[in-house]
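Quick setup: one chain, the form predicted alone, written in structure tokens, and binding and motion questions come after.
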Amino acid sequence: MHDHADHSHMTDIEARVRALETVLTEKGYIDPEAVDAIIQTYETEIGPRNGAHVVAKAWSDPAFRSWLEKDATAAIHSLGFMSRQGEHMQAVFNGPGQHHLVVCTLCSCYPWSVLGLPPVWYKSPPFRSRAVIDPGGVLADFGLTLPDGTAITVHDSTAEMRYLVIPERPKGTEGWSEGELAKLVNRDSMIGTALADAP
């Protein structure tokens, strides 16, 4: 008998999800095409790459940055990034001596339209409670040490307002295109637990 287990790259969780999907499909509770459409949407249309596009444009287009400062919701929607939980947005800008960190202390409010689904740690009680009490300690846990004297402002997301951190533009990127800049923007830098990648 040939053992296929050695050739499987699925984790235990992935295998359980696949088994559950199979059972629900066979019983007629879900439509596989609808599930595929949802997955495709989150892989290609919703997610951190949208936020990276917003950040890169803010770095390279002063008019867009100004619009983002005044009305982030409208500026972000102008790029076509609008969906559930992206209706009310505020952009906060990191700069010399100033760093922003986003948390949702009550639950897990998160801007899906620009960042996709929230990471597991964002919803965890330790992150939600410590971020407001000891933001520097939380950032240290993520491996981020800021220069002495940097003020950390913590923003508590709610159903009425969600935040997008605009990290500082990395040095050495003068003349880069928006597409090139977007590749330096990672999800965590838009939550405030990391910086943008170095070129």
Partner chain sequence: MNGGADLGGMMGFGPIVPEENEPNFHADWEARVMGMVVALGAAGQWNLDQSRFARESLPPAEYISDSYYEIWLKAATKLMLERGMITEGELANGHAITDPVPVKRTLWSTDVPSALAKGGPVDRPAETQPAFAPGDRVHTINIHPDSHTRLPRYARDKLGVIERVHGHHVFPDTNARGEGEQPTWLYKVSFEACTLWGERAAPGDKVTLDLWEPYLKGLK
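Heads up, when I say rigid core I mean the largest set of C-alphas that superpose within 1.5 Å between the two forms. Fair warning: this is a prediction, and the values are worked out from it, not measured in the lab. Numbering follows the first chain given and starts at 1.
Although not depicted, the form predicted together with its partner chain is the subject of the following passage.
Although the partner is absent here, S78 lies well away from its partner chain in the predicted bound form, with no heavy atom inside 4.5 Å. Contact annotation: D61 falls outside 4.5 Å of its partner chain in the predicted bound form, judged by heavy atom distances. The closest non-hydrogen atom of P167 lies beyond 4.5 Å of its partner chain in the predicted bound form. Remark: P96 does not count among the residues lining its partner chain in the predicted bound form, judged by a heavy atom distance of 4.5 Å or less. With contact defined as any non-hydrogen atom lying within 4.5 angstroms of its partner chain in the predicted bound form, the contacting residues in 120-143 are V120, W121, K123, P125, P126, F127, R128, S129, R130, V132, I133, D134, P135, V138, D141, F142, given in sequence order. Relative to the superposed core, E26 undergoes a Cα shift of 2 Å or more between the shown form and the other one.
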